[in-house]
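Only one chain is included here, represented as structure tokens and corresponding to the form predicted on its own.
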């Protein structure tokens, strides 16, 4: 068993946990983050990627709206390479409450959100694909944010300052000594070893899993899982965030994200027992496409790439209710005060947009418990990739001979880190993924610097396999690179390839019709027929998860 001693141990590698690790490192605390899967593999990576202006909360929750606009401004400064400043519109349709835009504008004014009513012609000029029947439009400073880049940048910065991150290590419980939590016990799923981490303060940032984890210390933390489902369509149907100007409901937002667009979201209360086996229901897809159609006509006739869902970690401190009724506010719990259990802090609730503020609140409490005066600096310290803010034109000029599109895509994803990724050596800019313009240099960089251990991790760092072909033409190349440069054996590389296809299958299956079905038939032919992958054993990592049954596809075709 490996034993580690540290000031702080953080459970959960989502945005909040990553933010706490970075905040601790910046304040000079020794800290270790433990994540059972990969960074942003849970709720942080399963949302619509909206950097809220606060407009969606302005009418109902002014405090949350004010938090959003403040953090919106901060993240545009410190994490610019993770943010695309698309802008946003709230639009009213003929059947919507004509009084709601005035309520929205009043709420935005109260929260400090720079919202402005514009004419329909101006709205259509900003977004030409918008429904021409809109009655009102309000312009807000919404943007989009990539949660995978954000988490990775926080962790990389923390590690550069002495922080430690253990991915694919699952915490089995707290170390309880009398009335104090003294750390955690964990199991290294890849290394096959037990780890005991003793810490002066333990931060529970495990989101919806906090209920089960707290029970290992005899603490009840009521949580009410609310499932949110989304669909991805295969190109950008718009370049700004489109919100329906009405009280929050299903299918009321379309968000552009890199090369695709996303329609979100639903809200369904689910039993806690179901959080590990989430599925997207047919009626959710129908609602999302039907309501998306009302915002941008013909969007339901575009090719749907995949569907996915996540679980909002709503805390019962505000009382059980429907998923949209429970507060989305930040919840910070000092378990010494609430439960008489010293050494344990829970941070949950909130939104991706407010992750930094949540981390600040949690780390302020950690500093208090450590009796150290160390102010938070995360609102002014830029993340790696956003330190120099090199304009794309200048970045392109620095790589003579390298295709402009390749430099642009790499710069878009990694900001000023592009100089560490590309060079004029053709080996650095050979394409691995044509859909997302991912190069061999980018793959090599993430393997060496961003805790990439398999193809699924690589997808989250680079967007490899997230474009229109969904990995059909790049996954096997990535497996080859991991085999050739990362010390992965041929047998394990094949297992990783099968694990990656299984992961893609889970999201594709709910939308398997039309072009998506034809593309899956093509992938099936490549991987099951040409490569013989159907005869390979299940990969070790995914053995406990639903499998991508390559033979079963034939049954799907018959239905």
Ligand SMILES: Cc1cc2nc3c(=O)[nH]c(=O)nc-3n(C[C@H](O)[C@H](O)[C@H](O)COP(=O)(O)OP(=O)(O)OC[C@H]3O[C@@H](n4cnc5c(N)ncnc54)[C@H](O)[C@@H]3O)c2cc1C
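Numbering follows the first chain given and starts at 1. Everything numeric in this text was worked out from a predicted model, so none of it was measured.
This next part talks about the form predicted together with this ligand, which is not shown.
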Report task. From the candidate stretches 193 to 201, 94 to 102, 485 to 493, 351 to 359, select the single one in contact with this ligand in the predicted bound form, where contact means a heavy atom within 4.5 Å. Result -> 351 to 359
Query raised in the report: Does at least one non-hydrogen atom of residue 451 fall within 4.5 angstroms of this ligand in the predicted bound form?
Result: no
Requested in this report: State yes or no: in the predicted bound form, is some non-hydrogen atom of residue 512 no more than 4.5 angstroms from a non-hydrogen atom of this ligand?
Outcome: no
Query - 4.5 Å heavy atom contact, residue 209 to this ligand in the predicted bound form - result: yes
Query - Exercise: residue 36 in contact with this ligand in the predicted bound form, heavy atom 4.5 Å - result: yes
Query raised in the report: Which listed residue (475, 443, 205, 242) meets the criterion of a heavy atom within 4.5 Å of this ligand in the predicted bound form?
Result: 205
Query raised in the report: Ok, 304, 169, 330, 115: which has a heavy atom sitting within 4.5 Å of this ligand in the predicted bound form?
Result: 169
Query raised in the report: Within 217 to 253, which residues have a heavy atom closer than or equal to 4.5 Å from this ligand in the predicted bound form?
Result: 228, 230
